[in-house]
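Below sits a lone chain in structure tokens, taken as the form predicted alone.
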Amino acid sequence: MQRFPVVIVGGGIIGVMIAYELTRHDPNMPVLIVDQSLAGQGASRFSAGVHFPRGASDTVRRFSQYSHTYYRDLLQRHPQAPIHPLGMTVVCKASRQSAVEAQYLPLADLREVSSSLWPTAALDLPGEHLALTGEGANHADVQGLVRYLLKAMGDRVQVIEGARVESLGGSGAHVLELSTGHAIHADKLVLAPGPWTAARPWQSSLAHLGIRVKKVVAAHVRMPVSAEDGLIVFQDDDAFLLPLQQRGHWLFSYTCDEWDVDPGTVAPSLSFTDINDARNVLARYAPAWAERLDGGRVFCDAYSPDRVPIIAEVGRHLVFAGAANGSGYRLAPALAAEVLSLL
């Protein structure tokens, strides 16, 4: 039986970021990541990978500030990391301007601009709306970042992929029985399972956290992308348009309201209802663009009751990190720092 000081279950951006920070803190400490698929192939594969400097609560704003600084410093150390700064425009009702500005960090430096100065002139402001331009957004290829960080860690981290945890047991330490027949001994165990929070081995340990799993949908908009295009946030609808430079089209993320879904059974394809709901939201701001939706991506994510990510000890030497409410990439560095403080 192999033994590790720390084992992380989940090879998405949160789990890998925790491993990366552990190995930076102590390069000599062996760390193991176990993932039921390939690292970065779960929610991280489909994530929009957007960071914008905001938060609906003091805690999330603190996390967002930490992550903003972290990603800036990471790019200075690793300029080849797949993270790209973006311009940002925030659209909201004029009556909500003060409330919206209060959610954004001072570094966003939000300021009102005329629609004639929008980076994407094809979009029109609905009545009683205004546009605020700001700083501090970035976009990452999250799956690519996961692979980049794993490569940067080298042999300081071991990864077992395609191995599902069948059971957890042991006294004083944790024994993971894997679907491959292997048994792993963990002195400390971190659960970062993404939307698979109800998996049988840890279901009872996490039940009291009140986590729910929601379907997430983002549509593809077949409109040309230029190098000057930036992120456009529709604050009132909790939606955004992201220019995907490498793919040559836009991604429209909106709020899908399907809850308590099983991530193992959610269809990977958009339904007629999905695409119709996306069109209805986008048509409020860009009717012509709404007609150019032709597909997209579907996945799941875990949400906490108060919309603040959960980092908690749920047993002896057992830590849960997740329920990031669709912001796994955006808040991963801050969540990793919180986990290290518990370990």
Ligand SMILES: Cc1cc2nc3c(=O)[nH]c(=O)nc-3n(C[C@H](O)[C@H](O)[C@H](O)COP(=O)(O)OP(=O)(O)OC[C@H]3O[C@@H](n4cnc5c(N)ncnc54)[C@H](O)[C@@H]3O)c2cc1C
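Everything numeric in this text was worked out from a predicted model, so none of it was measured. We number the residues from 1 along the sequence you see.
Form predicted in complex with this ligand: not shown, discussed below.
Would you mind picking the one in His129, Lys188, Arg164, Arg156 that has a heavy atom within 4.5 Å of this ligand in the model of the complex?
Flagged contact: Arg164.
Pick from Leu318, Val281, Ala48, Val308: which has a non-hydrogen atom within 4.5 Å of this ligand in the model of the complex?
Contact with this ligand in the model of the complex is made by Ala48 alone.
Are all three residues Val91, Thr133 and Ala137 in contact with this ligand in the model of the complex, where contact means a non-hydrogen atom within 4.5 Å?
No, because Val91, Thr133 and Ala137 lack any heavy atom that approaches this ligand to within 4.5 Å in the model of the complex.
Counting only non-hydrogen atoms and a 4.5 angstroms cut-off, does Ser57 reach this ligand in the model of the complex?
No.
Phe299 near this ligand in the model of the complex, any heavy atom under 4.5 Å?
Yes, contact at 4.5 Å.
Using 4.5 Å between non-hydrogen atoms, is Ile14 touching this ligand in the model of the complex?
Result yes; Ile14 sits at the interface with this ligand in the model of the complex.
So in the model of the complex, does Val216 come within 4.5 Å of this ligand, heavy atom to heavy atom?
Because a heavy atom of Val216 falls inside 4.5 Å of this ligand in the model of the complex, the answer is yes.
Interface segment, criterion being heavy atoms within 4.5 Å of this ligand in the model of the complex, picked from 265-273, 189-197, 78-86, 205-213
Checking each option against the 4.5 Å cut-off leaves 189-197.
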